[in-house]
Ligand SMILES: Cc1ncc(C[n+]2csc(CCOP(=O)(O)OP(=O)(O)O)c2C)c(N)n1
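Shown next as structure tokens: one chain only, the form predicted on its own.
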């Protein structure tokens, strides 16, 4: 390797990134939308972890939350409705060395993408999945989603939603091979950041449900939880989220919780009043699918080159005199 190449390589690895290095464009979300708080937390995480933008990918489907890749100065894939997870899994299989994040909404993930969601949990590939749950279809202007509360009046349920809301936490905790489940709320950004950070450091699929406000279509839905700290239950345990002294003075409703206890996690996750905030379940021993399939070996540079050449050769038009076995003119 030449000295110039060595210097370039060392500079690439020693380079420190500022917050601005991850900011792309001006977010078009509504003022007060919880997506803004989630974006700020994730950009801060990328800076604090000094993630290389060229080694980081954000994948999304369709919805307000799914505009996320547009506002990250990294690689991104804005997919079709409900298909963020299989796209992310394909990326992880092809490039297991990349940092892969998925941003999806309650409609995108829990409705049209429900089958992919279930199997992604089962595969347990090493990625961070953030479910932006505002309990409504916001981008298409106020239709009930699977997580909309019973009785909610919307454009598709003018007499009120007939069914109880689907709980993404208990569903996820009921899938084989689940390895990390947590819940955050957008109005406590300090705790939300710590939860997303813990999810990023977990080896396996980290599923973080983020309860977020929608000021446009459901401006009052979460006000009781927002204004009454007693309606928020902070989960405490060893190696847990950090609770600052100032935050502890406000949110006094706290409980010791063992994140290795799956039954206890399911019981805690089933409540919404008070809403549990923290790491509900964590099992680092669950194997990752990409390691079971030895994805790095399957996608070696030599195999990729041979595969590309084989495909290109199918469509190559060779000069007749140079084609193997062709008679010269």
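Numbering follows the first chain given and starts at 1. Just so we're clear, the structure is a prediction, and the values are computed from it rather than from any experiment.
Same protein, other form: the form predicted in complex with this ligand, not shown, and the subject of what follows.
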item	value
Touches this ligand in the model of the complex: residue 155 (any heavy atom, 4.5 Å)	no
Residue 51, heavy atom within 4.5 angstroms of this ligand in the model of the complex	no
Contact of residue 117 with this ligand in the model of the complex (heavy atom, 4.5 Å)	no
Residue 204, heavy atom within 4.5 angstroms of this ligand in the model of the complex	no
Candidate stretches 62-70, 262-270, 39-47, 285-293, one within 4.5 Å of this ligand in the model of the complex by heavy atom	62-70
This ligand: the contacting residue among 170, 140, 177, 253 in the model of the complex [heavy atom, 4.5 Å]	140
Stretch 89-123: residues contacting this ligand in the model of the complex, 4.5 Å heavy atom cut-off	105, 106, 107, 108, 112
